[in-house]
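Look below for two forms of one protein chain, each set out as structure tokens: first structure 1, then structure 2.
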Structure 1
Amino acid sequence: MIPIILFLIALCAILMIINALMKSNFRLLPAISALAGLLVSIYAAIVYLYSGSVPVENFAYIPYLNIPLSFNLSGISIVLLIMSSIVLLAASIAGNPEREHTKLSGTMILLFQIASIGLFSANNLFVFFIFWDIGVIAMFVMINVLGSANRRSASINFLVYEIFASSMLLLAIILLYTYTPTHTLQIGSIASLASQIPPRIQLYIFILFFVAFMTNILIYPMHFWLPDAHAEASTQGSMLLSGILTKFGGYGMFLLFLMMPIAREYAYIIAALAIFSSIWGALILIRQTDIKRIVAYSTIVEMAIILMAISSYSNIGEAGAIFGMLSHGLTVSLMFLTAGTIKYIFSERNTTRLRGILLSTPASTYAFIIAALSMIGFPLTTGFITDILIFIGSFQAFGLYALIPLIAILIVGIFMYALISKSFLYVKESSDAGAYIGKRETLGYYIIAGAIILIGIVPLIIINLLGL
């Protein structure tokens, strides 16, 4: 069988080089590769569902260190790949209504796609780390070049936090590599070998991994880069940042619980941190007036809830966490897409001055409403399935404490209701629309909103992939 992941990465790399070297730019290249990614991940899903596994791809990479270039598609990876392909597809089709720097942004989207494909399917921590940093650099350039006024300081802030995280990750990987008896970084075999590492070193490794992933999954003390980075990034940048980059951290946390048994001993502390972080994010959220910052803080709430589900370490909770990452990736990127388009149309991000959006752009209004409903867990959307799975799983593990984040969801829901009714649906006065959106932006809405509703109504395929 063809090594599909390597094929996909090579395709993205070739398209990226073509895109970078061509004099005139061909805007469809990122969309083509995202579509290819979607088709390949659907194909992998079918293979996985019929035969129970997808062949592992192994290539010699650094024999000196016993590190192969190894890719393995589990059900979880396939779910995350499907999510990231949909987000990338929508971002590359619709995310740039200004049509600015299409060449550079296309190149960076392709680079980011390489990172996300490699990271979600990596079977080796070294490979995981390499793709992690590729993603960070692609994101840094996207914020730095394509964002709005304060992007320079925001992007440096982002870079410093992310490199701090990846330094911690590197140290953890080196420790893990040195102290595992067979000097291996294969994710599958670490799980069985981790108990042979001295307990003190296990603790160090766990803390380092946790701090690194905490930066990307946006838990309380490590999230300060996020609001600025989101607010200043371009629409595409925010979509990828919130939709996919935060999932790097979520997937990393998932792997951490899978690999290091010691993590389960600290599950209560992690869950408490996550619960605190969700409430804290919600409380900050209600003071925001910038529409992109609002969506950014809602990311903190959602990702904290996902972390709580991961730390429950029950079947339902873990499946809920992965389903939540799928749901949140789609939801938040739809929200950022609408927020970016609204910013383009009205040249305004302040919700106290945005009025009567429905009159100028009904499509954006409906898309935002669908996203908001999915975010608060309305039935027929992916958010509903997510919340059911997450809270059942967490309730089994932590009892009534697990229901505290519902308060945060409630706060977010009330706030979103007020926002939608005041800014979107209130039509007695309306802001001046400076521009109109084209068919491509509407197509982007259809893609993500369609995916949210489709998966919300028929979640069975995803649920099967997650092995519930």
Structure 2
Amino acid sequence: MIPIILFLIALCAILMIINALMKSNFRLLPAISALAGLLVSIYAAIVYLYSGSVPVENFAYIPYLNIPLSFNLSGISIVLLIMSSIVLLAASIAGNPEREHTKLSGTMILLFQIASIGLFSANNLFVFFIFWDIGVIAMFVMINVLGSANRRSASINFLVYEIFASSMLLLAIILLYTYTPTHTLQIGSIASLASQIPPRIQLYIFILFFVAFMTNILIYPMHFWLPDAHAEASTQGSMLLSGILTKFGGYGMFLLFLMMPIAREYAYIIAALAIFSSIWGALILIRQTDIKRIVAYSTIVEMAIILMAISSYSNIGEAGAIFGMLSHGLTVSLMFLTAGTIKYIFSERNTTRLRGILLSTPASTYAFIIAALSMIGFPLTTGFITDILIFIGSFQAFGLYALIPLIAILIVGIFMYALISKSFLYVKESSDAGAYIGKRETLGYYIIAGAIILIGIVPLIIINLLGL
């Protein structure tokens, strides 16, 4: 099923290129492809819930080295595929209010969809690595070509970090293949055989993987590429960057803790790093005035908390981490979508100069408020379920220390309240609106906000997929 889906999306990408060359009308293909991906993900969820599994798909690729193209849909990967499909759908419909470079951006969205489906369904580290780099290439183009004034330096900075991460990832995969007794890259086999690898080599492999995934999960000090990348990326680029690309690192970190038993020995150190990163990110966030940078630093806070949950080695904490990736992907994408439309309407992103946004674009105001409420864990949103699972699981593992990130959430919540009060709801004066959003942007708000509230009210399906 997965190879067929990837082939069809690749065909859509080819049609988008033809669209650019022949001036044909294929502009709806990214949205149609994302919607189809969402429907397939929902179908896979139904099959998984009723049968308990989805068949593994293996295709010979390099038989001499025992490297197949292997795909498997677990409950975790299905949850992340649902999230990425919703973000891709909203980005393709509403993420380009200026209606600029629609053909190139549509092609990159399709390429990013290929990367997300391939990576989240990968049953083999070789396949994982291939789709990791496809996502990096698509994001580089979205920043370098479709971004704003300083996009060149931001994209080069992004690429330097990602090349470093890919190098660490590849070296770790080579070491793992060399020292695993059966010379396999199958994730399930590695999980059962990794204990036979010499402890020192295990440590080297763990460090290489951890540093690689740190770059995309945005843990201090491997996050410095993020603020500039977000500030200069297009709206669609920012949505996919924080909404999906950071989950590449989060999902990779989850697999690392699943595969390498030595990770348990360093769980407290990793949790401490995550706790520090969350507080540090919150303190830097409150000094920002650019709305996109504010949302970017909130990503550091949220992903750090997710890493703490992954390192807890408890079923509740790990389920909370995956639910948190779902919640954060939706929440941060909605925030970046509203930030992009606000920039389009007012030609301004500086929150000290924005006033009375509610008067000109109430839909953007309500969408941002919903996203902010979800970010701080307000009941009936996905963030509420996330916080319950993460902090219960982390408390079981680390005791009271696991509650320290609640300070970061409190700081972010107070700052978001002040931001919304001053820039969105202060109606005694209003910034001049130079344009108005259309039905596409409003539809994008409905798609993501609806998912945040719907899953928050009825989280049972997602929780069942995560095995709780």
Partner chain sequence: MTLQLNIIDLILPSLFGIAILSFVALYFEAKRLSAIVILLFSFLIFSSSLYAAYIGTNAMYLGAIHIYPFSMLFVAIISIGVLLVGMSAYDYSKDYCAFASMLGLSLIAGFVVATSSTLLSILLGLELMAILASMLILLEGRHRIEAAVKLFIMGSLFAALFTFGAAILLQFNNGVSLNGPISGTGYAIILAMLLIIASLGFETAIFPFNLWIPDVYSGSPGFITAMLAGINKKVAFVGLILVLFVSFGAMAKTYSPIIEALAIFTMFYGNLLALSQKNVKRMLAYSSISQAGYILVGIAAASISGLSAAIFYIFAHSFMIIGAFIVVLVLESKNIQKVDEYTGLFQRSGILGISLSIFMLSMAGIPPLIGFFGKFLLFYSAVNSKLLFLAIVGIVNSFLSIYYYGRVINAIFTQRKQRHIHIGVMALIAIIVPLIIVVAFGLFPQPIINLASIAAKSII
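Under this definition, the rigid core comprises the largest set of C-alpha atoms superposing within 1.5 Å between the forms. Along the sequence of structure 1, residues get numbers from 1 upward. Note that this is a predicted model, so its numbers are computed, not measured.
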Answer check: the form predicted in complex with its partner chain matches structure 1
Residue 448: after superposing the rigid core, is there a C-alpha shift of 2 Å or more between structure 1 and structure 2?
no
Answer yes if the CA of residue 457 moves 2 Å or more between structure 1 and structure 2 after aligning the rigid core, and no otherwise.
no
